[in-house]
Structures are given as structure tokens and as C-alpha cells.
Ligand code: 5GP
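One chain follows as C-alpha cells, the form predicted alone.
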């Protein structure tokens, strides 16, 4: 619960189902995802894009930043607007929109330079997200469900619950499958519940080729990315066995040397978790403009709390991110100090 600053009255985000009755009226809609979108952010956004288009809405998808080349196979990706590259155009579209759907993020800071524009948006903001501690005061309608595997699963539920299951075509199925498959770690995480598998079975009945999607997402990189991964695991991986923790720290100059682009570091943080006994894995990367952090854990170590406490971040219990304005070396030392402060949970 939050409070309206003008009236000091409590503010409650209305249930997402209250918007179903409004879907029949054609509306100017914008769909926004988080910066540097992954397959779930892009997949859920494009899945919703194709659905709302079928209902007669005028829909534009805006990403706060650029995105990985290995997402560009998704139908409709070529129409997504990069806010940083096309700020004036994107702002004009937002000025004329009536609704903004916010997908796969629940705090406006996750949209970087778009945050102020979204905060000032005069229309209806709608949240569909599965991360913890949403800024619910910014949204008129929404659903925030941390038990869901992915935002793609939630968009699938949104379509079904709105009474339009017949609108799920092959394009929607491919986008939503990509999102749920990647956010569940190819269905190995505990979030891959029975309902997720029932969803996938339903999507498969729509006729898409799941092996082709896997190829597009995981077998679609350049040679330099593979060599970079080998270098990182050989030279940048530190193991703290007494704390069951692994750390990868990558300087900016190595991103330049290997010509690393957006999306090329995706999945690196998961490699150390394959080591027996490791409970916490961290990836700290100097992105030049700031230090980006990714955290993954196994068992009951909560990296959402860890990221929020030490690195201005958050996420899920076993997958979270953060940032730092310090140097790479200083951030590494902060991480080591934080790791030691959590020794009792890690050992």
C-alpha cells in the first residue's frame, strides 16, 4: 500500500481483471519493458503487442535501451522503438497514448532515461510483473505475482482470463514460449510449475517449432563471444570455498577487446553455480558508465535481499541484479565484505 501525496489517502493498485471490460474499446497503447531487455521482457511485450493488435488497439512497443541481436528473430521486434536512439519520437507517442503497459519491471528506475517520462504520464499505467516490492503507487491497474515463473506466463494468463484464448496465434506462442523457457532456465528452476508445463503444452498445440526457438536464443552468437566466455572462466573467476561463493569481475577493457555487445554476457553468472557446493554466484561488470551486478543463488540464500541491501538492486530470491557507482575494484571489495557479513547463511 502507498499514499496519495495530495490527499494522504491510501492508494491501492486496482486488480488487473478490472481492465478486461475496457479491452473492447480501441485505444492508443504503449508497452514498455525494462532496460537491456532479456527474452522474457521482449517476449512478453511482443506477445501482448500481437494480442492487443488483434483487438483493434493501436499499439507501440518501446524499449528503454537497445537489445541483443539474438532477440531480433521475434515477430514484431523490428517495430520496437529504442528510446535512447529515438527519444523525440518515443516521447511523442507517449504523449498521445492513453494506456501504458509496464512489463517485467515494477520500479520506474528500471527504465533508466524513460523513468521521468513514465512518472509524468497522464494516462493509465498498467503493471504486469513478477518481481518483489512493486512501486504500486505508480500504477492504476496491475498484477504483481512473485509466484509466477515469468512475465510471459502472466501475459498468457492475462489473455486467457480476459476470455480471448482463441487470439493466441503462432506469433504470440513463440514470443511467450521464449520468455517462459529462458526465465525458468529451460524449465529446470523450481518456478517451472505444473501450470507452466500446461501452458507450454497449450502453446505447442498452436504449431510452433520449439527447437527453432532454442536455436535462435542459444545457438546464435559470434565466435568472439565463445572466446570471451572461455577467457572469463579461465582468468576472471574467483572461488571462495569457505563461503560457498563464486565471483566473476570483468573490466571494461576486456569488453572492448572481445567486442562484446548487448546480450553477450547473458548467462555468464550461471556458470559458477554448476560447481559443487556453490550457493552464491556474482557477476560484476564495468560497463564504463556504471558497474552492473548480477547475482544468482541456490537454496535459501535470498539474493533479492542481498542486492537491495548492498547494491541498490533487487529481483527474485534466487536471481537479482544491482549497480554500483564505485570503481570495479571498489565494488569487488564491497562484494567481498558483504559476502563475509553473510557468512552464516552461506556456510
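Residue numbers count along the first chain shown, from 1. Everything numeric here is computed off the predicted structure, so don't read it as measured data.
The protein also exists as the form predicted together with the ligand; that form is not presented, and the subsequent description refers to it.
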{"item": "Partner proximity in the model of the complex: residue 64 to the ligand, non-hydrogen atom cutoff 4.5 Å", "value": "no"}
{"item": "Residue 319, heavy atom within 4.5 angstroms of the ligand in the model of the complex", "value": "yes"}
{"item": "Heavy atom of residue 125 within 4.5 Å of the ligand in the model of the complex", "value": "no"}
{"item": "Distance check, residue 131 to the ligand in the model of the complex, heavy atom within 4.5 Å", "value": "yes"}
{"item": "Region of this chain that lies against the ligand in the model of the complex, out of 310 to 318, 22 to 30, 50 to 58, 64 to 72 [heavy atom, 4.5 Å]", "value": "310 to 318"}
{"item": "Residue (of 149, 244, 106, 111) lying close to the ligand in the model of the complex, criterion heavy atoms within 4.5 Å", "value": "106"}
